[in-house]
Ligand SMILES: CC(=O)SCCNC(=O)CCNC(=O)[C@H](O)C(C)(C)COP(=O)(O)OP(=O)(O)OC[C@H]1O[C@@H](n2cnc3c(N)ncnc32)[C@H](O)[C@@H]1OP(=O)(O)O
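Presented as structure tokens, the chain that follows is alone, the form predicted alone.
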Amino acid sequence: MTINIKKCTLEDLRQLQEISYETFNETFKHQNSPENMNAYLERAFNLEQLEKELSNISSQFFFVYFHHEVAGYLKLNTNDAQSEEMGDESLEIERIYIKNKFQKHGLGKYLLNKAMEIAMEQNKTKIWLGVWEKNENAIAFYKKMGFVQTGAHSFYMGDEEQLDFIMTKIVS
């Protein structure tokens, strides 16, 4: 089993857009209206928005490869790039997505470990993320990885307000 990780650059913009659309659709299309999905995808993953995020020095994207094929990606935020004010001692995992066909191969754990490694390198004391309250598989996974629910915030899928649980893990 060959797993590799690569930090994304602006040269990866179109590939990042493709995997963002694909993994978000796979994960959420069955629980949301097509209108709200399309509105969110267009807002969150248009090329201009992704280029802005890739260019932000407080954000990092990584592709994970399984047998030399892009299988998923990770987006990390620090400082003012975090989607909630959590302070300079925090690192946010804003996105962690694995294509359906590559799930159950340990890639999510691999990406979480990468996030922990970066948090330790940057002397962060906690990692946090938002996860949709209805994404039971992800919630179970994060709990298994040592995250605990510490709050909640609104997330907008098109015009529908949804609830994300905020889950946190202390970096040790």
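One rule holds for the numbers: they count along the sequence shown, beginning at 1. Just so you know, these numbers come straight off a predicted model, no measurement behind them.
Although not depicted, the form predicted in complex with the named molecule is the subject of the following passage.
Picking from 39 to 47, 143 to 151, 116 to 124, 55 to 63 the stretch near the named molecule in the model of the complex, with a 4.5 Å limit on heavy atoms, gives 143 to 151.
The named molecule is not shown here, but in the model of the complex it comes within 4.5 Å of a heavy atom of N137. Residue contact check for Q103: one or more of its heavy atoms lie within 4.5 Å of the named molecule in the model of the complex. Proximity of S33 to the named molecule in the model of the complex: non-hydrogen atoms within 4.5 Å are absent; the residue sits far from the partner. In the model of the complex, no heavy atom of M86 sits within 4.5 Å of the named molecule.
Along 105 to 133, residues H105, G106, L107, G108, K109, L129, G130, V131 each place a heavy atom within 4.5 Å of the named molecule in the model of the complex.
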